[in-house]
Ligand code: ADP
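Here we start with a single chain on its own, the form predicted alone, put down as structure tokens.
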Amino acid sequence: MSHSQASSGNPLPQVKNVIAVGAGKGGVGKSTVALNLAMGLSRLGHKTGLMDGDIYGPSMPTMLGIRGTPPQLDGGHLVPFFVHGIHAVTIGALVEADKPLIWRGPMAHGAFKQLLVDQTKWPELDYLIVDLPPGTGDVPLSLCQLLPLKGAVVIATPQQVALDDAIRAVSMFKTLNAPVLGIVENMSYFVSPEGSISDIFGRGGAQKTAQELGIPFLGELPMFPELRINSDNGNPTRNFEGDPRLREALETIANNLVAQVNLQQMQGGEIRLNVK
């Protein structure tokens, strides 16, 4: 990093677009969407990274198939894993697998900055997807302030209690003057093996919420059994190679995100934190 880059205050000058993926509550599939969004961007030809900052429930080692694999080091710096076409660093690979991380806000902020930003050799990237901890407390807030965000994606499920939390997540990003590039509705409906569709949680709630908030709707991700199986087996590539309906849903979300980033750039949308 050159002196001018360092003095600009941007800790990741080699990354064109840093996109935070957040959710107002846990259990909505935020990490699953973040991973598959990163893979979708990579498959569109963009050089993509994935920063797993979900310190309270790091599931990425399992979903990426790198559980138990020690991280690579180069001169004291972490080298991101290159798996499934993306460059990935996960906090879960840096801590003991079966022990909880009991970190309060300042500890989490310091460890996150040291491990995943200052001491990681990120390559030049078109996109870096950052999987935030769930909720709108001080930890996701401080992590967002640390990063040069281009914008954020909010994950929600269709039922009203989840949408209420998603609205709080949107408010958090707006407080940071980070454009909300869109909402994704996860677990939108269930597709049975024979192809029938069941709206278990009330499909369309997130899209309606996005419209009410004046925020883009990036797409819906149904509950495909393959998505869970491939995640548990650490082979997310198969999500794009099996059921064409699953691949199409994931590609739609990735394409819509790229369109929103391009639209923001055309409008000259630079983020200036805490400037009204």
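From 1 onward, residues are counted along the sequence shown. Nothing here was measured: the structure is a model prediction, and the numbers come from that model.
There is another form of this protein, the form predicted together with this ligand, and it is not shown here; the text below is about that form.
This ligand in the predicted complex comes within 4.5 Å of no heavy atom belonging to residue 245. Taking the partner from the other structure, this ligand in the predicted complex has no heavy atom within 4.5 Å of any heavy atom of residue 208. Using a 4.5 Å cutoff between non-hydrogen atoms, residue 32 counts as a contact of this ligand in the predicted complex. Not displayed here, this ligand is approached by residue 231 to within 4.5 Å at the level of heavy atoms in the predicted complex.
Stretch-level contact analysis of 218 to 226, 37 to 45, 235 to 243, 65 to 73 against this ligand in the predicted complex, using heavy atoms and a 4.5 Å limit, identifies 218 to 226. 187 is the sole member of 88, 187, 141, 163 with a non-hydrogen atom lying within 4.5 angstroms of this ligand in the predicted complex.
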